[in-house]
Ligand SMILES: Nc1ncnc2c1ncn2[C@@H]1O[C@H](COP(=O)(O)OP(=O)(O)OP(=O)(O)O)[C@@H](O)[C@H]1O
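First comes one chain, alone, set out as structure tokens in the form predicted on its own.
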């Protein structure tokens, strides 16, 4: 679904990514783990098209998107939920979802069936929601665009445990029932272990290890790898 080859990117003359390569398969959830400053958000922004690739290639289902604008990547089926959520605070919950569904033609009510907590808040302004509710809204809004691949940057950051559990269950359902592939940047090891089929360890802009099989669910080992990175 998604292929990144030898990707270099950064901010102006400051290089952050140093030849990152990864593949995300059909209906796969791939986790990315790393310290603050390792390049995780830069990786997501570069894949989404908000930072230019100075070297390398980004492709979805064989289509080269390396030079494509963010809206062209969205039209190709790439959904992005950035760190901080970036919902429209002055619009109601329903309006946030309707705007996202306008191009895809997806039914907002169909999406709301996956987000019962959001469905109870339709008339509230997005800015009046709690952090966890805003995160659920951001996920629902992304799904309204009809993505085949979702990029999720720290979806559990600063969110209460009860809603983290809800986010995990919802993402599992989206992946299982709709076949959406997910690239997940996350520092919550419990969340990462619960969702991921593989985990990549990113350090100083480079993939330094790939964790697969039962090791994905070993939170103690993941914590140990983080300490060594």
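Positions refer to the first chain, counted from 1. Please read these numbers as outputs of a predicted model, since none were measured by experiment.
A second form of this protein, the form predicted in complex with the named molecule, is not displayed here; the remarks below concern that form.
Judged against the named molecule in the model of the complex with a 4.5 angstroms heavy atom cut-off, the residues 35, 83 and 154 are in contact without exception. Across the options 22-30, 158-166, 37-45, 57-65, residues that bring heavy atoms within 4.5 Å of the named molecule in the model of the complex belong to 37-45. Residue contact check for residue 207: none of its heavy atoms lie within 4.5 Å of the named molecule in the model of the complex. The named molecule in the model of the complex comes within 4.5 Å of a heavy atom belonging to residue 14. In the model of the complex, at least one heavy atom of residue 187 sits within 4.5 Å of the named molecule.
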